[in-house]
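Below you'll find only one chain, the form predicted on its own, shown as structure tokens.
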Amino acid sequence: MHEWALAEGVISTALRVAIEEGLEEITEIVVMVGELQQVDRDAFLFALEQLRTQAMRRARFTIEPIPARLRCRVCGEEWFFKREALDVDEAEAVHFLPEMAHVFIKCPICGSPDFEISEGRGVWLASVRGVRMVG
């Protein structure tokens, strides 16, 4: 249930940004979520809605997924992570410890397990839009 903690971080950061930008009302919050973070989108959105403050009472929450992209350190091949290629136990291992991906995933060209995750990790606040204070 790390979605609740992530939502708390997004809400507090959005409020800080709103103060810094002089926004009296927040109208939209956009959050980028890497595929390997294994965030349950519905649970995350529910937590954001529950933690919504008065300053963001009419705000729209947008969660943008970022696909996981991998790059082989041996041959340079780049490919996208495919969760459906893993069985349940492998997917769970990668969920709790993303570095385990090197045990279960190999380069589709050369078969090497030596790759880097170039995209698809992390959660970050992409933008906060709102109405500026007058005066």
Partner chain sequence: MVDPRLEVIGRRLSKVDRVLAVASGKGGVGKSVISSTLALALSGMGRRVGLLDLDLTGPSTHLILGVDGLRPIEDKGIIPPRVHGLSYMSVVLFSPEEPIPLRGVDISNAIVELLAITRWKDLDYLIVDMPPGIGDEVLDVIRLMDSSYFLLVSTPSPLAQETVRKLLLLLLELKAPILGVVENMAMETTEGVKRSLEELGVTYLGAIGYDPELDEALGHMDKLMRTKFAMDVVKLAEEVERRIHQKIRS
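Everything numeric here is computed off the predicted structure, so don't read it as measured data. Rigid core (definition): largest C-alpha set, two forms, superposition within 1.5 Å. Positions refer to the first chain, counted from 1.
There is another form of this protein, the form predicted in complex with the partner chain, and it is not shown here; the text below is about that form.
*Asks:* Residues L6, M32 and M100 are flagged as a possible site; in the model of the complex, is every one of them within 4.5 Å of the partner chain by some non-hydrogen atom?
*Replies:* So, yes: the whole triplet contacts the partner chain.
*Asks:* Using a 4.5 Å cut on heavy atoms, which of R41, R73, R60, R83 is close to the partner chain in the model of the complex?
*Replies:* After the contact test, the surviving option is R73.
*Asks:* Is L23 close enough to touch the partner chain in the model of the complex, meaning at least one heavy atom pair within 4.5 Å?
*Replies:* Flag for L23 set to no.
*Asks:* Is F104 a contact residue for the partner chain in the model of the complex, using a 4.5 Å heavy atom cut-off?
*Replies:* Yes, F104 is a contact residue.
*Asks:* Give a yes or no for A18: in the model of the complex, does one of its heavy atoms lie within 4.5 Å of a heavy atom belonging to the partner chain?
*Replies:* Contact with the partner chain, no.
*Asks:* Is E92 a contact residue for the partner chain in the model of the complex, using a 4.5 Å heavy atom cut-off?
*Replies:* Yes, contact at 4.5 Å.
*Asks:* Out of 43-60, which residues reach within 4.5 Å of the partner chain in the model of the complex, heavy atoms considered?
*Replies:* Read in sequence order, no residue approaches the partner chain (within 4.5 Å, in the model of the complex).
*Asks:* Is it true that F104 shifts between the shown form and the other one by 2 Å or more at the Cα, once the core is aligned?
*Replies:* Comparing forms between the shown form and the other one, the F104 CA shifts at least 2 Å.
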